[in-house]
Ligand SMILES: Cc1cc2nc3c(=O)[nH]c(=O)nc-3n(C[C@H](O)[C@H](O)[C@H](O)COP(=O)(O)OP(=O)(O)OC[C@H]3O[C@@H](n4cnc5c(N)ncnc54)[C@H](O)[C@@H]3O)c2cc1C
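What follows is one chain in structure tokens, specifically the form predicted on its own.
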């Protein structure tokens, strides 16, 4: 790629969700040129996903005012913000040069910004279960994206299972679109800890009450303390066996699983990029309310480092204090939710049968993992076992492999995924066909 193809901006923001948009608006308000890259065809991220036809999503609920506020700010500074949709952040080399790739045209552009803010959102956690790799099984987050972008529910049977408040949200959204789920299978027992929920902010309680009312009116059962023991295919779809206080079996067409969210900062932090921050759920995993505050707080730090304003600015100090207070409150709220929805995942993993698939990309089972020996190295797991070597590069399986090895959270466990360039697979065609940045940039400003 020739040097004359290098474009420039002051700050590159990766991700057009709540955190990314909040950061971009703050940066532009201080006169910085911002480039946003968003892999989806619309802005908004998973929480505020826009419908593909441009309609306002009626499924964003209590978070929709956040979007209206961000878009109002965006409209005031849009001359300083360029937005490239259907575009991924491919990686950064050791010199700080960044490659972004337009997935719809298979072309790439090189940038050399002064700073980068990664706001790619959280990753969804789904624990391995016997049969979770079968067709018809998806994540609850993926189902929610389908609902928000199409504004239509699948016309077949849907079952939701796992743990966490997202299950209630998706169940209520399915119901609002005319297809209530068969049931919500919740591993935890949150209703037994309702007294802990009383300490949550009012917004959380009102949101939960709305979901519960929708599901109660529709007659959707919420079964607590139940676990999936087996998922099987049969002529009519999927047969899901449930254990707990009793033995249950559901026949369904789709099964949506969810076991919480995790930080999503996968990738290489480049040595040639001195100003590099992660914002929102990819760094904190605290939800939309915290993401807006954290995106702006990170932008303030970038503004200071680029010396756009005095470090001791009174305005910045006051605003930073407000944002930190919001983050502290949201952190406490998410800690309470984690307690309410706590599940002993280690015990569940330890009871998995050896034939269960752990790595869906490479179709590798728990037995294949144990065949590597009692304490295989990361290199042996990847090269000999082929775990974390597929399309997801360990995003789905690495955490569970580490827990099975009893190395979750350790330095050795963290290195199973590793860091390398590119962050996402890139075609040779995209490297060969380099586009003009101005013509490949699309302004996404509809709400």
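The model shown is predicted, which means the values in this text are computed figures rather than measured ones. Positions refer to the first chain, counted from 1.
Below, we refer to the form predicted together with the named molecule, which is not included among the displayed structures.
Enquirer: With heavy atoms only and a cut-off of 4.5 Å, decide whether residue 37 touches the named molecule in the predicted bound form.
Expert: Residue 37: contacts the named molecule in the predicted bound form.
Enquirer: Looking in the predicted bound form, any heavy atom of residue 288 within 4.5 Å of the named molecule?
Expert: Residue 288: yes, in contact with the named molecule in the predicted bound form.
Enquirer: Answer with yes or no whether residue 89 is in contact with the named molecule in the predicted bound form, where contact means some heavy atom within 4.5 Å.
Expert: Contact check for residue 89: yes, within 4.5 Å of the named molecule in the predicted bound form.
Enquirer: Tell me, yes or no, whether residue 14 is in contact with the named molecule in the predicted bound form, where a contact means a heavy atom of each within 4.5 Å.
Expert: Although the named molecule is absent here, residue 14 would touch it in the predicted bound form, with heavy atoms inside 4.5 Å.
Enquirer: Which of 73-81, 288-296, 231-239, 181-189 has heavy atoms within 4.5 Å of the named molecule in the predicted bound form?
Expert: Going through the listed ranges, the match is 288-296.
Enquirer: If the cut-off is 4.5 angstroms on heavy atoms, which of these, 252, 144, 108, 163, is the one near the named molecule in the predicted bound form?
Expert: Looking at 252, 144, 108, 163 one by one, just 144 meets the 4.5 Å heavy-atom criterion.
Enquirer: Pick from 33, 63, 405, 386: which has a non-hydrogen atom within 4.5 Å of the named molecule in the predicted bound form?
Expert: By the 4.5 Å criterion, the partner-contacting residue is 63.
Enquirer: Go through 105-142 residue by residue and record those having a heavy atom within 4.5 Å of the named molecule in the predicted bound form; state none if no residue qualifies.
Expert: Heavy-atom contacts within 4.5 Å come from 119, 120, 121, 122, 123, 124, 141.
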